[in-house]
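A single chain, nothing else alongside it, follows as structure tokens in the form predicted on its own.
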């Protein structure tokens, strides 16, 4: 569905662009006083530029605070009070300081790499990406996630790291909140 919407939007905008070029081409044949046209163009450009800046500033303010890895949001939601798990990406595995989780656990993943850059991608059982960050040598990125559902999660490398990239998979089993015996 989204691809069809994108296709129709692309065709529409290409059509508008073609109209703009046709208009400019048609107007270029007319001769006239250039200074009045230039003055109008500068006014339009100034308002267009200011309007564009206002739209971008509004979009930034509205969306910046909702980023999933915003430390202020994580602190406000109490995610910093959960488990802290050290994760290191190595060719071709993930090493974790802790691998046992229960539903409801709030986890702070401190992710780094020991060799090359990797992409830490946490997937749920439906293979939906639920958390991600970069794993870079000499740098630690933090990502927060609360395991809401029990099940088998997978950590996959999202950055092509070498020939064995495709085998860089780690499975995490998240047990029900009271433990495996509650099922």
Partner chain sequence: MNEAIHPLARKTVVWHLAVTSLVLILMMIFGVIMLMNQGEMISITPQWFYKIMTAHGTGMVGIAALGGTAILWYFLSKYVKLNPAILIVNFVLFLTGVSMVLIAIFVFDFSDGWTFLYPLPAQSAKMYGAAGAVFFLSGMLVLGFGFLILYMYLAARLTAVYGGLGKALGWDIIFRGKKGYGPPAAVVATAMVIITNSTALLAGATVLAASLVNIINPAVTMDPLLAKHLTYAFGHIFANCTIYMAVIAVYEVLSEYTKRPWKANKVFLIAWNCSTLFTLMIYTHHLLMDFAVPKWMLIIGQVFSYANGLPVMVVTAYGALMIVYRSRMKWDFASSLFFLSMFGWVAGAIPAIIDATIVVNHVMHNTKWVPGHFHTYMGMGVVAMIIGFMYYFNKTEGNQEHRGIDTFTIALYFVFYGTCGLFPLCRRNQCTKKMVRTPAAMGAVRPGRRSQRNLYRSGRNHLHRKIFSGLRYVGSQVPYQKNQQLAEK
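The shown structure was predicted, so the numbers you read here are calculated from the model rather than taken from an experiment. Rigid core: the largest C-alpha set superposing within 1.5 Å between the two forms. Positions refer to the first chain, counted from 1.
The form predicted together with the partner chain exists for this protein as well; it is not shown, and the discussion that follows is about that form.
In the predicted bound form, the partner chain sits within 4.5 Å of a heavy atom belonging to residue 132.
A residue is said to contact a partner when one of its heavy atoms sits within 4.5 Å of a partner heavy atom; residue 172 fails this definition for the partner chain in the predicted bound form, lying far away.
The closest heavy atom approach of residue 146 to the partner chain in the predicted bound form falls outside 4.5 Å. At a distance threshold of 4.5 angstroms between non-hydrogen atoms, residue 91 is in contact with the partner chain in the predicted bound form. For the stretch 1-38, the set of residues having any non-hydrogen atom within 4.5 angstroms of the partner chain in the predicted bound form comprises 2, 3, 4, 6, 7, 8, 9, 10, 13, 14, 17, 18, 20, 21, 23, 24, 25, 27, 28, 29, 30, 31, 32, 34, 37, 38, in sequence order.
After superposing the rigid core, the Cα of residue 129 is displaced by less than 2 Å between this form and the one not shown. After superposing the rigid core, the Cα of residue 148 is displaced by less than 2 Å between this form and the one not shown. Once the cores line up, the CA of residue 49 ends up 2 angstroms or more apart between this form and the one not shown.
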